[in-house]
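Listed next as structure tokens: two forms of one protein chain, kept apart as structure 1 and structure 2.
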Structure 1
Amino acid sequence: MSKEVGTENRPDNTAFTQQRLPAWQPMLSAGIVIPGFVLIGLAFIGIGVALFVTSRNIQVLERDYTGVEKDSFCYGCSDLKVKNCKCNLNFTLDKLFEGPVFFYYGLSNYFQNYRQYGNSKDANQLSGDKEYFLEPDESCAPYERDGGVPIAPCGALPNSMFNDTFKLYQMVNGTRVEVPFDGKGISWWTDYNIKYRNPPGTPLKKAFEGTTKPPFWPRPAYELDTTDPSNNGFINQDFLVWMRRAALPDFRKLYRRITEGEYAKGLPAGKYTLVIGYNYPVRAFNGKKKVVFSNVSWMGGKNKFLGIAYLVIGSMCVVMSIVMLIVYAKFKFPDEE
């Protein structure tokens, strides 16, 4: 037998094949983790305080106007038999409500996140594809057609668009001065510039020919905003705000901004009246309606959660690192005596 044996089978002696790739081997030992925890904890406490203070400086005024209780100011309107009902919400500001002020409406117990409801729309129609005006997608059912005529925009989601109206007046020397509302920039820029498009054709009314308005709507889509013709159809911002479904059953939606004239700096102290055009029914499903005035910081509206969360987690880190220090000092490894 040949004693001469080659080495062609010899494996390569490389770091990879020998599983010796240079590697960082971090060890979660107390020596690293304790200082790390202290650092993270302190940083979090710092951030928490900052967030907390920021959030606390934000002013919020919130009023329910559902009108369930008899003594509530909108009680008379909550009965849906009354058409075009108006009710007044009076409130007083003790100090300047710093601007820019954002005005929201809020609904509770309202499930915009219901699946079939959310799917009940026709995305092609909403992107201005004329084909789908006369043949709406069947996902729009039961708001696909109204007496055989196709609905535009079809579907339950557009159909149920919020239609209460608000007007704010300041009482200046006994007279009502209307506070100008800004209806621009309340929905995402990409929504009204790219994602949603009106059907081609001018005037808009002509483009909508052969369709009918959603049954719940008082006016057709091309007449949503009577003051600004460019804010009509599918790119009406109120409509877009509504079309962005809320994640949870209690939600708020931006209605108007107060950015114009002397109110740009905020609402000065004084008496105000909010005139509400009460149209939207919510009592059938125990819903609530509210209005909210709020200003915002860089991080958005008033939000206590973040500040508190950071403070809690931060202090837990610090406490735990102390506990670990005690454990470490007392036990170490049992064998290290």
Structure 2
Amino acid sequence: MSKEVGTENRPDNTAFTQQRLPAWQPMLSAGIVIPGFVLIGLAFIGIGVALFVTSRNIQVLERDYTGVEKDSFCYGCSDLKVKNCKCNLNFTLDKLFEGPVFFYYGLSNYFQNYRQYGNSKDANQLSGDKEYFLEPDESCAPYERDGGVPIAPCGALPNSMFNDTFKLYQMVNGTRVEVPFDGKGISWWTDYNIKYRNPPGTPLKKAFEGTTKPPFWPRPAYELDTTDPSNNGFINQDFLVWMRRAALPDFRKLYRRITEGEYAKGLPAGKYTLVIGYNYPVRAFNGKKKVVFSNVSWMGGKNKFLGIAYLVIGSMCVVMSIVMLIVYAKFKFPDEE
């Protein structure tokens, strides 16, 4: 009986099950390892130089407009008691700022990655399910209801949406010419087409009946963009950009692109004025606000770290190959002569 059981559990007599497959085990020698380190090091150095040079050629213009210092151009607007305040940022470009130009707003000391803050929203509501418009999820508290009326969209994350506004002008022969901003397609494709949906029904205002706007918002969700009716509700581009949370406390988010008309090739040299609608408070948590103009390359935005990392690793490989060559030449084994 025991013999039968042993035969049943025995693996098939094949090369795979009996581990008789042909195998190859590399025999690493100095003649293979040292040239390998040299080639890898040279490849990494070449890639690092290309990344570093490309990153240096990317143009970036960054200006802080928090308004903490008394000599700041936005100092008068940083007081919370001042409403509908505007301040002007003047700057001069000495040469062409090559396009396409991307315009960002940045925040510092702002922890969007805080778990409770990130969960303070109603995913069902944001997906367009009208049942949750009148009965928001409890995770939205304390921004679940306002005076007993349900909030749409509810939660701390939507309520804290960035609401500073910007308009850029170029001074041409003493006249201010507005630089056109392009705000289409600045959010993630998956957010716009899959994750966030407007509730069914037209007009959109009717779908939000029985709800109220978040307390911090100046207008309801169906009026976020008064110039483009299709850019309202939960698929508003600025709203989607804000809802895509940042991982670090210092971050920037895309606000607009400059790709149209006379500015398709970039911002020509000259004097510019950025008119800032100062609405978003940050001084309460020692935060800072900034604006960033930047262009991109085949490797993305400006990032010196990646190029430096490749250069360091490549240099280490070359140095290690030299050290191994010296050790091998001095202590090589007799059978390798």
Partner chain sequence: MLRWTRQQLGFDPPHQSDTRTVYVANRFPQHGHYIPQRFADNRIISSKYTVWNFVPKNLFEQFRRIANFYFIIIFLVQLMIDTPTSPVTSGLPLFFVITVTAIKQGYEDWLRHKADNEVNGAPVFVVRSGSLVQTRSKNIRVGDIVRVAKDETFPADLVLLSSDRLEGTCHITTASLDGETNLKTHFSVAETSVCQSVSRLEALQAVVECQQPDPDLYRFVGRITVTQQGEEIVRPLGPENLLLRGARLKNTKEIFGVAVYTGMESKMALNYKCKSQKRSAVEKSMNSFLIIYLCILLFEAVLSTILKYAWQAETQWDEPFYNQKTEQEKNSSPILKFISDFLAFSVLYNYIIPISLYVTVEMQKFLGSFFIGWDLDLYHEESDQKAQVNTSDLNEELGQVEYVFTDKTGTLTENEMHFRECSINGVKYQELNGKLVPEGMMDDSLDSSNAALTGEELLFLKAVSLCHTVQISYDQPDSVGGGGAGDPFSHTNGFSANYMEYYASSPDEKALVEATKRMGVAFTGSNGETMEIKTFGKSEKYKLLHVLEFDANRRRMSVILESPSGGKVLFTKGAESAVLPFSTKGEIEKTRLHVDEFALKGLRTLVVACRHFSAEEYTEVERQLNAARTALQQREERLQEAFAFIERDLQLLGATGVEDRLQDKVQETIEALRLAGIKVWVLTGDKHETAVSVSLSCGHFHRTMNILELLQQHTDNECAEQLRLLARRIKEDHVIQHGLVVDGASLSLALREHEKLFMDVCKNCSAVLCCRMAPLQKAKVVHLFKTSPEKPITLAIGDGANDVSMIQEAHVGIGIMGKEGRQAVRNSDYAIARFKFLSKLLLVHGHFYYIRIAHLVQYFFYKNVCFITPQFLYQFFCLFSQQTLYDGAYLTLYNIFFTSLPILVYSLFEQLVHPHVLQTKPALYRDISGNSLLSFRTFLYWTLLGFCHAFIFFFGSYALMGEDTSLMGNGQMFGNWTFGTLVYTVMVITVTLQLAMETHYWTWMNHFVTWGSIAFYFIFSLFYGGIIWPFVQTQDMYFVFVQLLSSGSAWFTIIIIIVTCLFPDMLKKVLYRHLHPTRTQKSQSLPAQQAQGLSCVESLCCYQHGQSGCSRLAQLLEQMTGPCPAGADHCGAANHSSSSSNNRSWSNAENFYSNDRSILTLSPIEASHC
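Take the two forms, superpose them, and find the largest set of C-alpha atoms that agree within 1.5 Å; that set is the rigid core. All residue numbers here follow the sequence of structure 1, with the first residue given the number 1. Please read these numbers as outputs of a predicted model, since none were measured by experiment.
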| For this pair of chain forms, which number matches the form predicted in complex with its partner chain? | 1
| task | Would you tell me if Ala23 moves between structures 1 and 2 by 2 Å or more at its C-alpha, with the rigid core held superposed? | result | yes
